[in-house]
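So this first bit is one chain, no partners, the form predicted alone, shown in structure tokens.
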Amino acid sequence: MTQVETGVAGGVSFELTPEQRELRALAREFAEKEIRPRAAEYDEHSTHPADVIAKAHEIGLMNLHLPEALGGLDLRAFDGMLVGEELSWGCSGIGTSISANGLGAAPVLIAGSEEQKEQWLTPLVEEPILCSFGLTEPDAGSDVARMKSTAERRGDEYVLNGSKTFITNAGHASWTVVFAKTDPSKGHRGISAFVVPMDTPGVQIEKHLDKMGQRSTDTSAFALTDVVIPVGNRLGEEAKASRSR
């Protein structure tokens, strides 16, 4: 007999697996015990939640999508959503601080070599290190073609100049993936991506930005003034960081 004849409808099950329910419960408990008691104070004073981040890292609620080969959990996007939902129930600002490594690490996962992944991503698993995604500028956000930051190649190095703004966790990040034009004449087709350690000479945090909400998430502007990095810090091929159909 067919499903129609028996009255049984087929379809996709949206029931969580036992592992997903356990993961969600862990995140919920953490949010209740570690985030919510601090949420109001940290939001009022724009406090960077370093202590909460360290605890989240300790119990495995950070860097959820890093592959097992690098020491990560290699979880799927849906599993990360379950965790993010619970952490944001505790406080959306603190939850963003904890989960933003996923955005910073993504370009390295997508375009980085195996050596670059080992160099930049493995430490994220070993310590509560933060990384950032440096795309937005004062005059360029969604319209990346307006980007003004540049990266000029000089032998085995690049020299970066420009500014970035509204960058999550930038004021406390170990490194940032910075997008800059290696060929300004080509617009968005001339953009490349680089891993820039935030303690490199010429990198300066200009301002911690105040916000109407999520005030416990650090959101900062920073400048790049003659910042010299090795060619080995470029992710993928030159001028391939932004593609169009």
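Just so it is clear, the model here is predicted, and its values are computed rather than measured. Heads up: residue numbers just count along the shown sequence, starting at 1.
The following text describes the form predicted in complex with a small molecule, which does not appear among the structures shown.
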Exercise. Counting only non-hydrogen atoms and a 4.5 angstroms cut-off, does Lys211 reach the small molecule in the predicted bound form?
Worked result: yes
For this session: Could you confirm whether Phe133 comes within 4.5 Å of the small molecule in the predicted bound form, counting heavy atoms only?
Result: yes
Exercise. Is the gap between Trp89 and the small molecule in the predicted bound form 4.5 Å or less for some heavy atom pair?
Worked result: no
Problem set entry | Heavy atom of Ile167 within 4.5 Å of the small molecule in the predicted bound form | yes
Seminar exercise, completed: Assert contact residue (the small molecule, in the predicted bound form, non-hydrogen atom within 4.5 Å, options Gly141, Gly71, Gly80, Pro123) equals Gly141
Seminar exercise, completed: Checking Ala145, Ala111, Leu103, Val159 against the small molecule in the predicted bound form, the residue with a non-hydrogen atom inside 4.5 angstroms turns out to be Leu103
Exercise. So which of 115-123, 150-158, 133-141, 80-88 is the stretch with heavy atoms within 4.5 Å of the small molecule in the predicted bound form?
Worked result: 133-141
